[in-house]
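Just one chain is shown here, as structure tokens, and it is the form predicted alone.
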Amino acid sequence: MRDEGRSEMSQEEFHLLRDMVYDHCGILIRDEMKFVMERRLWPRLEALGLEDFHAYHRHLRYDAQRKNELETAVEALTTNETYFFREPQQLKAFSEEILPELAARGGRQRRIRLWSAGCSSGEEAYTIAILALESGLFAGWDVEVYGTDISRRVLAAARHADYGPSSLRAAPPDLVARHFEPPAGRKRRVSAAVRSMVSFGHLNLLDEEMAQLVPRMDAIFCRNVLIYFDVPARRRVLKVFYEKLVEGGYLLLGHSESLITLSADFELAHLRHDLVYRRPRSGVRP
């Protein structure tokens, strides 16, 4: 039910705002999401003292703070629900097959870099760090886990590392006991040892200039992120991932995601516990 006094977003305004969001970050808002976009952006109009979406579009185009406001709009339009130890079968493959291979391969440098792309509020990045610790393979190594997201709000929550029952609903109790501080009310904070392994940064995956600052990675998690992009944007992101992976490095997507018709750069790795993607070594094409 529409609130009285609010002017409805016209189809033209919807297309203009949708195109701005797409050009900024590659997220495609489909026609059936018009009402959702209108409902989620109205608080922004109210905060800025704007009367309608035509004025909001002008603000996003011409105001001196337009870039910051566009980031705020994207935050309002995206969903960031996640939790620890999501997709356990894939994590089993990561723990029992990928991490041992990476440890054997990187013995001389004694360094491993892992990336949670689209990390939301940090549960996935901390899960990766916990699994690396639990493996026992990297004592004395430089283990770096990077978490990036387009939302500064969720990155602030990730850095704080305080989580409630919903985030921990799939976490094994013994791992929670080992890698989280004692409860404070209904929340528990990730231990200092795990937090020290993880760093978070703001990144738009379609900003190729900023992506150049990301170091080469041994494995990249990007689960249930590409579903928000259309095909051209997905291909651009996959190009970034290919360039940022070391040869033989792994790309772990969500179980509903596939690279069929999107990229021929990666090979499909048939592990015992899951199917994942991998950047081929030199001279080997998928």
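Since we're looking at a predicted model, the values are computed, not measured. Residue positions are given as counts along the sequence shown, with the first one as 1.
One more form of this protein, predicted together with a small molecule, exists but is not displayed; see below.
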Given the stretches 242-250, 32-40, 228-236, 51-59, which is the single one in contact with the small molecule in the model of the complex, using a heavy atom cutoff of 4.5 Å?
228-236
Hey, in the model of the complex, is R223 touching the small molecule, heavy atoms inside 4.5 Å?
yes
Report yes if any heavy atom of D174 sits within 4.5 Å of a heavy atom of the small molecule in the model of the complex; otherwise report no.
no
Indicate whether the small molecule has at least one heavy atom within 4.5 Å of a heavy atom of S95 in the model of the complex.
no
Contact label in the model of the complex: S191 to the small molecule, heavy atom within 4.5 Å
no
Candidate spot T78, E81 and R86, all three in 4.5 Å heavy atom range of the small molecule in the model of the complex?
yes
From the list I150, M197, V214, L168, which entry has a heavy atom within 4.5 Å of the small molecule in the model of the complex?
I150
